[in-house]
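First, one chain by itself in structure tokens, the form predicted on its own.
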């Protein structure tokens, strides 16, 4: 990908709220209204209902970083959200009791399913910038609506951590969280995400930010 393409990225214009649910991958918010997903929804609720810190990684990709965090911080419950079925199926057999991986769109989870004040940390690492303008408007994860849903889900002192290798995307994210307070970057383990390893190999700059509601 050329540096020029990265520099030309622009956020889409704000989309009007869609009545009747949350638009997203996997059928959006209507997916978990279907009877065949009742057991998945019950498993999610049982996992997050257990007391203690809860951290969420949105889009865990190959899962190497997430699995390392789970083992490094066993006192934290970790929820991994990923829309790619193969990634979920590959990681699930390796998951210890403090990790629940789920094929679900984070917009639906935070918008409708996550209890308020439950989450201590949300990691959004290298979210897809969606180069096509039409897809960008429909599928961009980090929007005002998602920010507000995450704010409701965060416990006092909870943080959102974002990393991206697309500079204009980070400008968009920084503006999105401009009303929040900057926070220390959350603890991490020894294993980097797949995209971070690619950036290190190719000499690409990474922008990072961590915020907590003001």
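Positions refer to the first chain, counted from 1. All of these numbers come straight from a predicted model, not from anything done at the bench.
Separately, the form predicted together with a small molecule exists; it is not shown, and the next lines address it.
Residue contact check for residue 99: none of its heavy atoms lie within 4.5 Å of the small molecule in the predicted bound form. Residue 59 belongs to the set of residues with a heavy atom inside 4.5 Å of the small molecule in the predicted bound form. Though the partner is left out of this view, residue 194 does reach within 4.5 Å of the small molecule in the predicted bound form, counting heavy atoms only. Interface residue remark: residue 84 is counted as part of the site for the small molecule in the predicted bound form, having a heavy atom within 4.5 Å. Between the options 79, 114, 122, 106, the residue in contact with the small molecule in the predicted bound form by a heavy atom within 4.5 angstroms is 106. Heavy atoms within 4.5 Å of the small molecule in the predicted bound form are found in exactly one of 147-155, 59-67, 174-182, 41-49, that being 59-67.
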